[in-house]
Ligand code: CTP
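Shown below, as structure tokens, is a lone chain in the form predicted alone; questions about how it binds or moves come after it.
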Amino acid sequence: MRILITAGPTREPIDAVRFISNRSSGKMGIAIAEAAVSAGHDVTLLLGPVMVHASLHDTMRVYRFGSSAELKQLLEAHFHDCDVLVMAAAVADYRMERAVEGKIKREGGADRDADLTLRLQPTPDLVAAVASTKRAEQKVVAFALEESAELEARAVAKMKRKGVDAVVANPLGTMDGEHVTAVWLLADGGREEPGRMTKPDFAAWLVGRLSGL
């Protein structure tokens, strides 16, 4: 299969030196990409601003992005060529209405501790946008990161709202961690819970499920 994978956070600029982001390490998406290559699949990885601690497999195509706007452009360029999209990237929920040119200055004197208000707007829903354009034979897998008490309910709601074929539902502790305790949920009502696993082990397990879509 031709598998397109996104991984890592986005950075939404505030000014020339500051940004809005999250704690995503990209480990899960990278592990999925490596497992897919090892399983013989054709892999394209869209990778956010994270440090890669080991060499990625040399048969994998890798494109880097910073902001959600840059990821959107890469998805538009590469989605039509894939059979399955695994959307493991953690896209920031908000961005500046307009990034400040140059650097916001913290002035001295009496106003040094004055409040600063940032006007934010929601980032585009990249998963829903891509899913709305998919061909009948294409499949889209999303990720959901939620509080444990409402994990599955919110993940199922997300799957229906975004029109994707499956969701990997993760509790909050997964982010930036070494292990994952995920639930695999399908649009047809299927459900699997493989238990606590390292991210590379879960990645191999997940890649094995992609063919079943």
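Each residue number is its position in the shown sequence, starting from 1. Everything numeric in this text was worked out from a predicted model, so none of it was measured.
The same protein has a further form, the form predicted together with cytidine-5'-triphosphate (CTP), not shown here; the description that follows concerns it.
Proximity to cytidine-5'-triphosphate (CTP) in the model of the complex holds for all of Asp93, Leu126 and Arg161, with the criterion being a heavy atom within 4.5 Å. Scanning Val156, Leu145, Val50, Val62 against cytidine-5'-triphosphate (CTP) in the model of the complex with a 4.5 Å heavy atom cut-off leaves one residue, Leu145.
In short, of 117-125, 131-139, 76-84, 98-106 it is 117-125 that has heavy atoms within 4.5 Å of cytidine-5'-triphosphate (CTP) in the model of the complex.
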